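Single chain ahead, written as structure tokens, the form predicted alone.
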Amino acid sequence: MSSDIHDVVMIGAGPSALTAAIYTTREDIETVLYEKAVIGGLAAITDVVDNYPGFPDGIEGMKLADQLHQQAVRFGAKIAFGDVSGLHRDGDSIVSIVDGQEVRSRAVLIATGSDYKKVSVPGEAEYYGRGVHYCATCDGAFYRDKKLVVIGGGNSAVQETIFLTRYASHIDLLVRSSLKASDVLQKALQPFVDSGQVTIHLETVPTEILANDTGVNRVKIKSNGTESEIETDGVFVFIGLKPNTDFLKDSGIELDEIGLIKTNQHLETSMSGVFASGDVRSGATMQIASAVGEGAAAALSIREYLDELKR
């Protein structure tokens, strides 16, 4: 494969890349996707996607991912498992290092997404999507009139706690040290604390997430050396995102302060011919619907870029 020059290589095979591949292959742009984990990305391991347009009753994440996969393949996309460890430009082509081998292409789309930082306690991985969540917009509505535990003390944790108050009857906010959220967000949270809907636990860490036959039902915590348990119907973790961009550290592609890829209005990165879309892009909304839209937009920009190369 190292002697071939593909039209476009897509790194990642989540909803954004699969959508982009549908668009490029329909226009006879030869497209290869490399995925190192699960085709469909985080969407594929989400129990139910309840806010994706066109599915009034929701859809299983794996089913949505599989349908996107089948559609991309139907139009001619080639999807392979492979770990991309580096990226650089070599003359008129872009070289992706896939499982230690050079793969050359005229354009590249990076759609590797981001992963949620974990608290790494027993029960977190076991109950992911079944009581443990990382997206309030995606899953908050499942907890109407129920009790929740939110873990985190920064802007995202406070912001998402405020959002979850529209559903939950009570929220216990677990903060490792002190609240680090902005003054504006802390002031916005205060009315919910005053009303008793939110209880803030400072100097508190979770030590285990427990469940019964029906799902998550309590969290073990340690606060100032004392261990106890909090009853809950679900746990939301908001301690930050880790973009999947480690492989770009020597590429020269410009990243923002947390490692997300900076792009221009055409979704092109600082390296000509390299584009980014979805949750790995700086400014992304971390929603499947917007990732799909960005994938389509990136594909159109890639088509224009390839047309320019032919002139």
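Start at 1 and count along the sequence shown; that's the residue number. Everything quoted here is computed from the prediction, not taken from an experiment.
Below, we turn to the form predicted in complex with a further copy of the same chain, even though it does not appear here.
In the model of the complex, a further copy of the same chain sits within 4.5 Å of a heavy atom belonging to residue 163.
Using a 4.5 Å cutoff between non-hydrogen atoms, residue 262 does not count as a contact of a further copy of the same chain in the model of the complex. The shortest heavy atom separation between residue 71 and a further copy of the same chain in the model of the complex is within 4.5 Å. Contact check for residue 51: a non-hydrogen atom falls within 4.5 Å of a further copy of the same chain in the model of the complex.
This chain is displayed without a further copy of the same chain, yet in the model of the complex the stretch 139-147 from 217-225, 139-147, 89-97, 169-177 comes within 4.5 Å of it by heavy atoms. Every residue of the trio 67, 159 and 184 has some heavy atom no more than 4.5 Å from a further copy of the same chain in the model of the complex. Residue in contact with a further copy of the same chain in the model of the complex (any heavy atom within 4.5 Å), chosen from 205, 210, 188, 239: 188.
Residues of 26-48 that come within 4.5 Å of a further copy of the same chain in the model of the complex, judged by any heavy atom, are 26, 27, 28, 29 in sequence order.
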